[in-house]
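First, one chain by itself in structure tokens, the form predicted alone.
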Amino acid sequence: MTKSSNKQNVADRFALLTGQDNWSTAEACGLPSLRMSDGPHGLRYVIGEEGEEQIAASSVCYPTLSALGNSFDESLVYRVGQAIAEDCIRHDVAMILGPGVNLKRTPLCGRNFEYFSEDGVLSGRLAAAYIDGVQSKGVGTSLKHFAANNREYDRFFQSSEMDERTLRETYCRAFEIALQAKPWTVMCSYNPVNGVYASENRHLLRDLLRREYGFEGAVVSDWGAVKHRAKSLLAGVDLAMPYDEKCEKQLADWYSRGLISEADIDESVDRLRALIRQYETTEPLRKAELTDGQKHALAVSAAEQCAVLLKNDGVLPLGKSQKIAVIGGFAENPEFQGGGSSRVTCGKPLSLCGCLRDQGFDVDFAQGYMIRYHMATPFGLRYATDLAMQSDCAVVCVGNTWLTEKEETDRFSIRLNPIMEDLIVNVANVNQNVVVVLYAGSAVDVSAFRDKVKAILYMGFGGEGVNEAAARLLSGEVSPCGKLAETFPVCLSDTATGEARGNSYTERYSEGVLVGYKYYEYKGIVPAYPFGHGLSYTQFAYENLRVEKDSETDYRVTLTVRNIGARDAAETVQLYLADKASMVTRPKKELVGFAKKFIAAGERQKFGFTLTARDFAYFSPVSDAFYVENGIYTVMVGASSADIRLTQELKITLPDEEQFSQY
């Protein structure tokens, strides 16, 4: 090969490493271009621009990942993933940019609606189901944002600072589990981690992602996350997105100076070749088989299974003989997704009033407030309270707008707009049977009205079918079965982070491994609604717990759950583990398993789980490995983190030579 042809060959490879435009890989090195598009709760396919606004094709909008997290249902998430892949197939999209598994360290994070949970095990397993569902149809995924991207505030600059145990045990846990599903790509985050940008962080991308977790796919940058293309190449970023001409110049400069080698270039080129071949070889899987009606029906069903009944003092389900006042603008025009790059263009959700009337309810509507410029303003408050006074039950629909919960900015409060809080209180003053229907993508402070109303139904950001689902749940046609994937604190000051946001340079993760429910329990703080909480229209009895030993760190856990109520319903069993005494700070309990099953009234279902060494272990920076400490552990089975129904202790005794000295 001549010098000039080699120069051209290198330039061709540089082009492949930098993307072609905003959405596509480069057509270079004899390889075709692949299209990527935003997700994750539906396909956001940009087809043009009008001024500064992007125009997107219409797709089905499913519940956001925060809502899907409340389902605790891997099979549901798998089916949603498959359906989203079908919209990708329809538009020749090779890869959807999701799912996101960053933990909800603070409820203020504006992008929490895109993430499953505050718990790494739940997030990881649901993400794996999503990945399996999408990729079963020959469409790729991009697991994101690796790692420790837990705020939108100054996300391009502020460093997430933590010890190695916290990083490995907590913020990488969901990625570690989800990677078992073999996503085609992993997306690195914007933020620095311990002072080094994720796109240049060799410890994250090479030591952990490649060597420890065994990821063999391509690493793509978040859009604009690469600060220096050559440095990111050496760290392990294979594809920098979107196209930026300075990337090729930086690569060429460092190559000419001998700072990057042919081997460095080819390592990433080979991974991108493999990515494109993977798309080509999975072509037989790309069959769009669902009708638009079937996809919408799935969106409704998913919203039903994601909804969480937080409180019910006997007012739900509604009775057909009652006169129902439905109050609040969200009843007619609900918020059903957050703002930013994940926002899906879809059909308008149906009216809750219309859906209830279709089921035979006597319903009148009052506005109560209007959303103007995405803020609530009073509108017809007197009429709303008069209507509530004349009705047997009042259903008040409130929540957050997509400008409250959105990418690029965090919330300043977890309370609702004061106009909405006042509306609920005023209605409750004249009607003793008030039901609040709550539309939001993350935890909400409900202290202003929790004790004044009879029921609270949390729909989350439930996608385009949210009001159809709400009507079926309120009427009792379907029993609620969702469980909170994140704690609802009494107030913001009860959280580990409070109002703190860092100083734009750094934020210290001082709570360490005590994230979410682990923090509240360790500190003895009682939340408004705990992790895993969710009521039903029936009751369940937990029975016959058995813990059987296969080896010193391997156990089988079985139990039965009996539906002792009068309604058929699904129940989620949660398995927790606690180390009774440890040489390090450990949570009071940690989720290690969960399963959801439908149980007919009067019937029972058997649940089974396995425990392995990883479930008992904590990460020891001293030995740079996960370590199981000898001692007594408590197996806990419950309906929530605060509602433990069955417990049993076990003792682990590993050889002394494998142990650190203890007390």
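The first residue of the shown sequence is 1; numbering continues from there. Values in this document were obtained by computation on a predicted structure and should not be read as measured data.
The protein also exists as the form predicted together with a small molecule; that form is not presented, and the subsequent description refers to it.
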{"item": "Check all three, 144, 155 and 222, heavy atom within 4.5 Å of the small molecule in the predicted complex", "value": "yes"}
{"item": "Selected contact from 475, 479, 341, 367, since only one has a non-hydrogen atom within 4.5 angstroms of the small molecule in the predicted complex", "value": "341"}
{"item": "Partner-contacting position among 439, 531, 190, 576 - heavy atom within 4.5 Å of the small molecule in the predicted complex", "value": "190"}
{"item": "Contact test in the predicted complex: residue 103 vs the small molecule, heavy atoms, 4.5 Å", "value": "no"}
{"item": "Exercise: residue 407 in contact with the small molecule in the predicted complex, heavy atom 4.5 Å", "value": "yes"}
{"item": "The small molecule contact in the predicted complex: residue 453, any heavy atom under 4.5 Å", "value": "no"}
{"item": "4.5 Å heavy atom contact, residue 483 to the small molecule in the predicted complex", "value": "no"}
{"item": "Stretch from 347-355, 222-230, 430-438, 376-384 whose residues place a heavy atom within 4.5 Å of the small molecule in the predicted complex", "value": "222-230"}
